[in-house]
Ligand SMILES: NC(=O)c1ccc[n+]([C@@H]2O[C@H](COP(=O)([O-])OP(=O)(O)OC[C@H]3O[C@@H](n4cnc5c(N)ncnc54)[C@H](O)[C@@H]3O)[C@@H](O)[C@H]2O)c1
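Given as structure tokens, the chain that follows is alone and in the form predicted alone.
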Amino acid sequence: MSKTQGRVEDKVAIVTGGAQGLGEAAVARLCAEGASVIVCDANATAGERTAHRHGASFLPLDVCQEAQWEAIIAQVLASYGKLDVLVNNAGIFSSCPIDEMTLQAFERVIAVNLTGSFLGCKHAVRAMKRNPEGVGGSIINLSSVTGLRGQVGGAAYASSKGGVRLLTKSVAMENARYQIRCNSVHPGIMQTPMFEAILDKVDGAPDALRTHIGDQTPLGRVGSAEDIGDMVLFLASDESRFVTGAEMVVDGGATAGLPY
């Protein structure tokens, strides 16, 4: 019996912020479905551990540094001969009233979440244009439901994620003729280490708050990292070949409408 082909068999994918959380979930799904995956993260110890766990490769990357992006892309092309998929997942969370936020803190969030995604798109497009005619590629930018609506304390975070949303559409429009697709994924509240770190800072019982958030979600639970991994896999695969410039909201229905 012949081996069943994976959904992204023979594709080469880079996942930034791939060491944990949503990034690791994307790595796991892509690897399981046949892709050659390069985990990129500023945390080399965690990144190498994740890569080893899923049969991927690891390269250290600070997404804010263009020279590092150039080096990563060059190394991937030298090793694999192409780039099919980029998952711009690296990001940091922020919540602070605008009148208390420092310029330095605001610029740091923009640098990681938005400028890092811009640099990834820029250099991925350059690499994907070298793929054979008609092959193109898929760029998947992790935004947030906060990129669709405001957030108390979200001067920096919402600005960065809203910027990622429209960066995605611009990249999609510019590069459709090259068959390079670009879509954004907008997670709601997901069960990740970042979410747990936020809960730890809340006074009271974090388990009760987690349950409350799940109860307030139309589908009745907090999202899982695997929910995002599955969406990334779809967008990386040829199953989404006619999808570009789209906003893929994965939030259990939380932003679909008012609960009354």
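Sequential numbering from 1, following the sequence displayed. Everything numeric in this text was worked out from a predicted model, so none of it was measured.
The same protein also has a form predicted in complex with the named molecule, omitted here; what follows describes it.
Exercise. May I ask whether 64, 108 and 143 each come within 4.5 Å of the named molecule in the model of the complex, counting any non-hydrogen atom?
Key: Yes.
Exercise. Given that the partner is absent here, state which listed stretch (70-78, 169-177, 126-134, 155-163) has heavy atoms within 4.5 Å of the named molecule in the model of the complex.
Key: Partner-contacting stretch among the options: 155-163.
Quiz item: Going by a heavy atom distance of 4.5 Å, is residue 22 a contact of the named molecule in the model of the complex?
Solution: Judged by the heavy-atom cut-off of 4.5 Å, residue 22 is in contact with the named molecule in the model of the complex.
Exercise. Please run the contact check for residue 101 against the named molecule in the model of the complex: heavy atoms, 4.5 angstroms, yes or no?
Key: No, residue 101 stays farther than 4.5 Å from the named molecule in the model of the complex.
Exercise. Indicate whether the named molecule has at least one heavy atom within 4.5 Å of a heavy atom of residue 214 in the model of the complex.
Key: Contact with the named molecule, no.
Self-check item: Exercise: residue 36 in contact with the named molecule in the model of the complex, heavy atom 4.5 Å
Solution: Residue 36: no contact with the named molecule in the model of the complex.
Quiz item: Counting only heavy atoms, which residues in 74-108 are within 4.5 Å of the named molecule in the model of the complex?
Solution: 89, 90, 91, 92, 108 sit within 4.5 Å of the partner.
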